[in-house]
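One chain is shown next in structure tokens, namely the form predicted on its own.
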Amino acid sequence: MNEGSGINLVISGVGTASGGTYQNVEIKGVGTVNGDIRCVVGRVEGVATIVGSVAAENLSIQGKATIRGDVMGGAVTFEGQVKVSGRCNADRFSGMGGVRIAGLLNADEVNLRLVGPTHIEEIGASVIRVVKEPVPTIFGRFKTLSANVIEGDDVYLENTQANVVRGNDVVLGVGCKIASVEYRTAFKAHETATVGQHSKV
């Protein structure tokens, strides 16, 4: 995706930098980047605010990241809290924590382990797996994904509230509340799941 410029951006402690094209971007501590970022590897360990969009071959977030734009990535992984004001397009999007994406999350594979409240307006992927992380947290019952539309080939959901779920094979696990399910091959729902209507298309 990105060849990089051979220049690295490193924020250690508390700092602010300008956007641009870099080889590696590393934020350790509390950092703000004003502008769009293009890089090969992006890594956050702490708290980061990106006032712009991010395009990275590999983007890793441990802590909290606020991105006031879009995210384009090969592999996007996180542990903590992520907020994206735009949309996200990645080969793989996976992690544990809480996520807010205002637009579409489009990926080949989406794997979410819910620890905090999560909202993604729309999800489109080949494989979608959303599970409630069993480790107790202060969020307790708020380990829930809410979405408008979720669409994929192979879909497995837990603790998910959505208006529409579409897929070839759809499995709804514990704690799901789905208004409408449309499936092509197979559909199965846990006894605790609530489904308004379901149809084979």
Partner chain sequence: MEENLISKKELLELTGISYGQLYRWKRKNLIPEVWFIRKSTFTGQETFFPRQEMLARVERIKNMKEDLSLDALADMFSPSPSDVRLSLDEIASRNIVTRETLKVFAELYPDISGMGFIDILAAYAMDRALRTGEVTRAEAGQMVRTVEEHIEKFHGKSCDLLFVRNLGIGTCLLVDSSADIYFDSNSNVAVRISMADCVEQIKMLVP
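It should be emphasised that the depicted structure is a prediction, and the values quoted were computed from it without experimental measurement. Numbering follows the first chain given and starts at 1.
Here the subject shifts to the form predicted together with its partner chain, a form of this protein not shown in this document.
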property	result
Residue (of 84, 90, 115, 130) lying close to its partner chain in the predicted bound form, criterion heavy atoms within 4.5 Å	90
Residue among 153, 36, 45, 57 with a heavy atom within 4.5 Å of its partner chain in the predicted bound form	153
Interface stretch in the predicted bound form with its partner chain - options 45-53, 144-152, 58-66, 27-35, non-hydrogen atom within 4.5 Å	144-152
Contact test in the predicted bound form: residue 164 vs its partner chain, heavy atoms, 4.5 Å	yes
Residue 79, heavy atom within 4.5 angstroms of its partner chain in the predicted bound form	no
Residue contact check: residue 107 to its partner chain in the predicted bound form, 4.5 Å heavy atom	yes
Residue 101: touches its partner chain in the predicted bound form, heavy atom cutoff 4.5 angstroms	no
